[in-house]
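A single chain comes next, written as structure tokens; it is the form predicted alone.
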Amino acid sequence: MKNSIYLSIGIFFGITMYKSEAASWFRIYEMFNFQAFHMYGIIGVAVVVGIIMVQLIKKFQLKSFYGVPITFNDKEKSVKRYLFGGIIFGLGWALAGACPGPMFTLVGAGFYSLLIVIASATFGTYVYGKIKNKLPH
């Protein structure tokens, strides 16, 4: 039952990403060239909705589907951490033409070459997991 809820949410998210053109390589290209506001608007709305949802979760002490309280742990504030992480993420996004969410949407839309990007992102996540204790953060 819970998996079908997650699947439904994922399908709805994918359709929304595709119809809003957030998964469009052209829109992402426009964004990185500062030629259009389209993607900045989508990202801005997502940030505002995220802030509101986090505050509501904290205020009403909401629980997950499994009945576990949702908690937020403070993170270490570090300029290097976010600067280097953002640069690596942005370079990957620019080279692939898609961030992680739209990658799956694009595969669903028939762009099967993104399977290589998904495999590479998965491998990169695995490598990070193996070496994260040796990194300076």
Partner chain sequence: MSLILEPWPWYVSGFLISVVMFVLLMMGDQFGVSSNLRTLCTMCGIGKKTTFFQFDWRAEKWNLLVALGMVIGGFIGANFLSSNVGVSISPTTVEQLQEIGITSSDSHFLPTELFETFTLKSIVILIVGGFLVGFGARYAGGCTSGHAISGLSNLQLPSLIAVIGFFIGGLVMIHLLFPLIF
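Quick caveat, the model's predicted, so the values are computed rather than measured. Positions refer to the first chain, counted from 1. For the two forms, the rigid core is made up of the largest set of C-alpha atoms that agree within 1.5 Å on superposition.
Quick note: we don't show the form predicted together with the partner chain, though the next part is all about it.
Peer 1: Taking any heavy atom pair closer than or equal to 4.5 Å as contact, tell me whether K59 reaches the partner chain in the model of the complex.
Peer 2: No, no contact at 4.5 Å.
Peer 1: At a 4.5 angstroms cut-off on non-hydrogen atoms, which residues of 3-22 are near the partner chain in the model of the complex? List them in order.
Peer 2: Those in contact are N3, I5, Y6, L7, I9, G10, I11, F12, F13, G14, I15, T16, M17, Y18, K19, S20, E21.
Peer 1: Does Y112 move its CA by 2 angstroms or more between this form and the one not shown when the core is aligned?
Peer 2: Moves: no, less than 2 Å.
Peer 1: Would you tell me if A36 moves between this form and the one not shown by 2 Å or more at its C-alpha, with the rigid core held superposed?
Peer 2: Superposed on the core, A36 moves its C-alpha less than 2 Å between this form and the one not shown.
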